[in-house]
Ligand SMILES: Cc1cc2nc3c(=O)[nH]c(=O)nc-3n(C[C@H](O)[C@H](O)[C@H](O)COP(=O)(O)OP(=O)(O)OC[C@H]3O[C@@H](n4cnc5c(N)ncnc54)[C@H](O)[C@@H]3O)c2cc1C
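There is one chain below, alone, in structure tokens, taken in the form predicted on its own.
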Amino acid sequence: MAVIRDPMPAFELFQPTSVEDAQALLRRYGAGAWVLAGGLDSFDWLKDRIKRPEAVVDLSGIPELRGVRARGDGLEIGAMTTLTEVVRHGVVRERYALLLDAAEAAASPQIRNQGTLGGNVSQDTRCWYYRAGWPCYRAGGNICYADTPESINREHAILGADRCVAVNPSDTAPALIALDAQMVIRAANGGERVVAAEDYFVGPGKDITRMTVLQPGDLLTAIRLPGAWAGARFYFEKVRDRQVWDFALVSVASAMVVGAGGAIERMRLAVNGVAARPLRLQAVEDLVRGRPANEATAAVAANLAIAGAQPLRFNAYKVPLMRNLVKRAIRGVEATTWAS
């Protein structure tokens, strides 16, 4: 493994005060530019000297990228809004408690004070082979070191592997997918596009070198929450080794609308920690529609959720874990945080 070094490589630091200025810097430096949000993922890369950018563009001084504001019947959250601000916002707490639970599950209070919502969904994978500088597929090499007979792969993928078995580390990503959130992206040419949260993340079959649809020069500027799922029955659970700081082994997020007779009218369900991208379980959503939110429905749906799982040497535990979390989300067991 690579040796961790505290001194960071030299780079020019820029602190623009507008999105336009930030993008001008990204165009100027091209592949040599590095976008800094809360900095928690970035500082790991820089201190380990694996990434050596020519210029770092700090977005913290851009006011339009911060804050929670009403938009139609929903909310718009600036990408640079901290996780703590998301957790403490009254409307998020009242109408979108699923996002509150997911944001509050991220790391520690100190990290949430610095980490941003945009940074949380855009961070890179935490596979230790990749992060330590091993020349794997994701880093441009021709092997996945986590998928060999000698590998330590307890935290890696059981679904959707394509050469790379690293998983997505974001806590808020499955909640945003369950809420049918929209990601607002400012392109390098100044144009804007809006992408569904479930399409914001990419797997290795599409592009093995990145985790999101962001292209060089792009900036995630905001996340929009529609009113359609506000106040639904929410469920979030994150299983991790330690109660504070750790990334999820498996997490689940769901939004469900149940009719007067107890039948599920509609549902959105997503899991993370099991694949290179957070997965929306649309087949499970279709299966439970019109059925009662009870143990029998949950059992059938949970078995469908794990169909096709292919565990590695050390992560077979993720299969029953994912099955049980999906079951709990559907039958409505009160969420509790517990260690594996």
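From a predicted model like this one, the values you see are computed outputs, not experimental measurements. Note that residue numbering follows the sequence shown and begins at 1.
Separately, the form predicted together with this ligand exists; it is not shown, and the next lines address it.
For the three residues 125, 134 and 277, a heavy atom within 4.5 Å of this ligand turns up in the predicted bound form in no case. Residue contact with this ligand in the predicted bound form: residue 42 places a heavy atom within 4.5 Å of it.
Using a 4.5 Å cutoff between non-hydrogen atoms, residue 83 counts as a contact of this ligand in the predicted bound form.
Although the partner is absent here, residue 79 is a contact residue: one of its heavy atoms lies within 4.5 angstroms of this ligand in the predicted bound form. Put simply, residue 74 is far from this ligand in the predicted bound form: not one heavy atom of it is within 4.5 Å. Exactly one listed residue, out of 234, 130, 247, 229, brings a non-hydrogen atom to within 4.5 Å of this ligand in the predicted bound form: 247. In summary, among the residues 55, 304, 36, 293, the only one with a non-hydrogen atom within 4.5 Å of this ligand in the predicted bound form is 36.
Shown alone, this chain has one stretch from 86-94, 211-219, 255-263, 190-198 that lies within 4.5 Å of this ligand in the predicted bound form by heavy atoms: 211-219.
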